[in-house]
Each structure stands twice: as structure tokens, then as C-alpha cells.
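A lone chain, given as C-alpha cells: the form predicted on its own.
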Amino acid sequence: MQPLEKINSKKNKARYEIVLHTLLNKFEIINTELSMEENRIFIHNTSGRIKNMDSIQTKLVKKGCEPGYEMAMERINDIVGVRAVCYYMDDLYRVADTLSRHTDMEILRIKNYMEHPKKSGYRSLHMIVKVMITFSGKQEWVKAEIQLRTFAMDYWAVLDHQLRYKKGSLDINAKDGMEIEKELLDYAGALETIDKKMMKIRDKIEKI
């Protein structure tokens, strides 16, 4: 079995960088295409990252897998991860649909946390994909994860992550912890309501 450290080799770092930039470039192209069709901007901002070695190691252990290069490539889908933040909920589906028509990319799985939010209240549209790249003169497929969120979804997810990290370092009893979880869930629901109302306002304006 090839060692996990091979993931961090210069060759593989370059491979991941190509996938990362390929996906971010796709978002630019899609934003331009959809903006021309609808006469408004679809994607507000994009970001991406390559998972570090410690995170890969932790994820493999959590999955009960032996640490190794092939195992990481097979079992971990988000060594490369990109995110696009859009203005409206239905924009996420438009972006995902446009991505699905790209012949140099294959969608392996969609996790719709908009229709089925996580217990925490987290909402987003996740896509596990394979991206075709040309590297060292050869074509190959590399897996990556795409996250599509609205402003409201992204706002909640970022603050939820920060608050949970801080909560983990505090001495919070079970009752307080349950109250915090409930409040975060309530706020996630409130932001979903805002997301839906903003779509209705947009539609009214476009009809005028």
C-alpha cells in the first residue's frame, strides 16, 4: 500500500490544484452564461480548498480505513472542495443543472440538504463529482465535492461552525446545550423563511 504521505507529493498537489482551478473556472463560466440569460448575477462569490493531511488521516480513521494513498482516493470524496454562494434558493438548482451538462465532469451523487436539512439545521446542496483533467500528458478523473449555498445558508453555516467550536471548549451542561441546539435550529428555520420570501420578492419585481 502506498503511504498516505504520497497525497502530499508535489505531483499530487499539482493535480489537486488543477481540479480546484477547473471547478472555480466552471463557476465563472456558468455565472456568465446564466447572467446573460436572466440579466442578473447568479453567483456572488466562490471559494475552494484542498484538505490537509491531518484532516485526511482523521477521516480515514473515522471510516475505519487503513491509511494509504489508494484508500484515500477511493474513500474520501472531498480532498478537493469548492463552494459557490448564490443569491436565491432556486439559483442553486440552476447552477447544479448547468454543471450536470458539462461533458468533462460526472456527478456521482447529490446530497440535498435543502429538502432534507441535517438535524442541526444545516442546509445546502452538495454534489460529489468526478472531474476530467489532463495531467502529465494523460487524461484522468479526480473526485471533488461541490457545495452550493445561498447567502443565508452560508451565513448560518459559518456562524454555526464558529459557535460549535467555541461551545466545545466551554463547560456547558446538558440543559444549556439542548437550549443552544434548539435556538440554532430555530434560526436555521427563520433564515429558510427569509430565503423563500426573497425569491417571491424577486419574482414580483421581475413581473413589473
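The shown structure was predicted, so the numbers you read here are calculated from the model rather than taken from an experiment. Numbering starts at 1 and follows the sequence shown.
In what follows, reference is made to the form predicted together with another copy of the chain, a form of this protein that is not presented.
Taking the partner from the other structure, another copy of the chain in the predicted complex has a heavy atom within 4.5 Å of a heavy atom of D154. Contact between T134 and another copy of the chain in the predicted complex is found at the 4.5 Å heavy atom cutoff. Another copy of the chain in the predicted complex comes within 4.5 Å of a heavy atom belonging to H102. For Y122, no non-hydrogen atom is located within 4.5 Å of another copy of the chain in the predicted complex, even though that partner is not displayed. Taking another copy of the chain as positioned in the predicted complex, the residues of 186 to 204 that bring a heavy atom within 4.5 Å of it are, in sequence order, Y187, A190, L191, I194, D195, K197, M198, I201, R202, K204.
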